[in-house]
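Next comes just one chain, in structure tokens: the form predicted on its own.
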């Protein structure tokens, strides 16, 4: 059984014709968002194996690394992470400061993603260490979103829309939709590059997770892949760069009490709004799965959060 890190099921609200699945509220008063469901499985596995240290990776402003540091610390683990550069914004700097405030040991990638394997290998060489994949999107972590699909069985959406970075949320929901007998498709809005690689990795994750969930099924992965739609035209300049459509969507969402970020959720929300107009003829709703924590990073700052983090980690934070 996964660790009870979150408060589930999360609620579904309405916003401008959309249904919104509020995983931003997955841990009110703590750190929410889509990492909670994944880490529930991953930290339980590490604990069951008697491990005491978590090693992960992500971009400079990674919400996954912050969530791993927050929950890892809360559950008694040491946490280390390799970080790669991400375009600098105030939100990215704030997230990095919050990660440091959780006591995470940060190793900047010396040569971008190319330098990650060697640095990870060095961190993983320590005893009692568990590796947590980018975004928590291993087959085990993805099970959190296989389970989550049961929470929307009564909504009967025509489409489910979510941001697609490491792929675990979309992959898990596609598998879960099959297992729950849902008629919806799952639209993962690509927010990470390269465009030629991330979709392939996500489809591969569907196949691997389906084997974990039901090793005897010959059809689960195939049916889940039929449900998965990967949307590539909202990415803009690339990972971490906001778009005009996303900025406009952020303003509209704010009026409905929903906070978006330019890297992930704004791009997915803009696409979901378009799908509402296109799906009107079906008389079935479009559901946007909100994956950003409702608790802002500055809620996790303390005296360990360096004020000059942008100077200390300048190579990780190139100008946007």
Ligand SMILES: Cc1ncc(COP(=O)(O)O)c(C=O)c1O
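Numbering follows the first chain given and starts at 1. Model, not experiment: these values are computed from the prediction.
Below: the form predicted together with the ligand, not depicted.
The three marked residues, 164, 168 and 264, each reach the ligand in the model of the complex, with a heavy atom inside 4.5 Å.
Checking 292, 46, 270, 258 for any heavy atom within 4.5 Å of the ligand in the model of the complex turns up a single hit: 292. Within this chain, residue 34 lines the site of the ligand in the model of the complex, having a heavy atom no more than 4.5 Å away. Among heavy atoms of residue 209, none comes within 4.5 Å of the ligand in the model of the complex.
With the partner omitted here, the stretch from 156 to 164, 174 to 182, 103 to 111, 216 to 224 that lies within 4.5 Å of the ligand by heavy atoms in the model of the complex is 156 to 164.
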